[in-house]
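Have a look below at one chain only, the form predicted alone, in structure tokens format.
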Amino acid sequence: MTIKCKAKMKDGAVEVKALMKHAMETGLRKDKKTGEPIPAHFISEIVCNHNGSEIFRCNMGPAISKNPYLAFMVSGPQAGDSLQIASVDNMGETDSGETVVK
């Protein structure tokens, strides 16, 4: 997994955009060669922190497309502040990304 993110001040709030590289397998598809089911493997949770405090949390499931894109608005952070975005998938793998508010 890989998370690319950016954050920009817009009308007094911060618009955060994140692109995550992940297969997001539902567990319903079958391998074309073997016919065996492909195990479910999807991002289950995303958290955004600012100065050590959680400002956004999102639960996801297998219905989200491959390489999901997430955008949201938050208030509080200022230009120059750092935001950290972390994800956990249903297999326990984690990933994170960081951006500075512009």
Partner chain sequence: MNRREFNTRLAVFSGLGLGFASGLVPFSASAAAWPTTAFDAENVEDAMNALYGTTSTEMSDAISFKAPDIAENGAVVPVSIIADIDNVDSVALLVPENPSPLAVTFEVANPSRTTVGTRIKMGKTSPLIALVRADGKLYRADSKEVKVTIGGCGG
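This one's a predicted model, so the numbers in the text were calculated from it and none came from an experiment. Numbering follows the first chain given and starts at 1.
Same protein, other form: the form predicted together with its partner chain, not shown, and the subject of what follows.
- For the chain shown alone, L83 is not a contact residue for its partner chain in the model of the complex, no non-hydrogen atom being within 4.5 angstroms.
- By the criterion of a heavy atom within 4.5 Å, P37 is excluded from the residues contacting its partner chain in the model of the complex.
- Although the partner is absent here, L19 sits close enough that one of its heavy atoms falls within 4.5 Å of its partner chain in the model of the complex.
- Its partner chain in the model of the complex is approached by S75, whose closest heavy atom lies within 4.5 angstroms of it.
- Contacts between stretch 67 to 102 and its partner chain, counted in the model of the complex as any heavy atom lying within 4.5 Å, involve N67, Y69, L70, A71, F72, M73, V74, S75, A86, S87, V88, T94, S96, listed in sequence order.
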